[in-house]
Ligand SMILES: Nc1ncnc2c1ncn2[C@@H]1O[C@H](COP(=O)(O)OP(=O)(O)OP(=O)(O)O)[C@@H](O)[C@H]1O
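Coming up is one lone chain in structure tokens, specifically the form predicted alone.
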């Protein structure tokens, strides 16, 4: 592991004109600012409803590590004049010994990648074929095939790997491949932090699961997650849900 705790610099939060506005008014972000977040496993999942703050937190961690908030690899500067997000400005990462060594070493030795579904297509097409990436042209592949090419090319060694809803492009079998990859990364000393709606991904063995909701954020067990319960109920009897949506008897 590289990062053992995520905190928020109170001075920077107070100095921000948005101190009492988004994203600090989101319950999970407020909880992060007040108590921090301890990372206890090589693979961590952030789960919760839309608007719960998952993507906001993952994006800020990426910025804290020095990754481009729109995605990409560590040690590489992209054409991006956008300032950091309010949370990204205030976020602080407490590193393990391995993480400190990586942070204080040459930028070229920093290992990590941020893959976010929202911006992936443009970024991946832009860097395909460049030195240090992958040789295949992902623009000639399906969205899911392109994601797997990136994952299996860039997520291969100790580093910090962040993902924001990677399941958006992946089939069931491709999600299983990603589970295997994340588990393998954890075993070689890498660290993965992933925001997801997928009960399949969240079932990765040994992973830490953080549920974000109106009460803030708290550690949860896979079997107790609301998203797992809803998927079980839906797959068992879709009409129990659909009758409330489209009036199915």
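Residue numbers count along the first chain shown, from 1. Fair warning: this is a prediction, and the values are worked out from it, not measured in the lab.
Missing here is the form predicted together with this ligand; even so, the following discussion is about that form.
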I'd like to check something about residue 30: if you look in the predicted bound form, is any of its heavy atoms closer than or equal to 4.5 Å to a heavy atom of this ligand? no
Query raised in the report: For residue 55, is any heavy atom within 4.5 Å of this ligand in the predicted bound form, or not?
Result: yes
- Query: Even though this ligand is not shown here, does residue 215 get within 4.5 Å of it in the predicted bound form, heavy atoms only?
  - Reply: no
* Asked: At the 4.5 Å heavy atom threshold, is residue 22 in contact with this ligand in the predicted bound form?
  -> yes
Students should find that, of 49, 224, 187, 34, the residue having a non-hydrogen atom no more than 4.5 angstroms from this ligand in the predicted bound form is 49
Picking from 26, 41, 181, 200, the single residue whose non-hydrogen atoms come within 4.5 angstroms of this ligand in the predicted bound form is 26
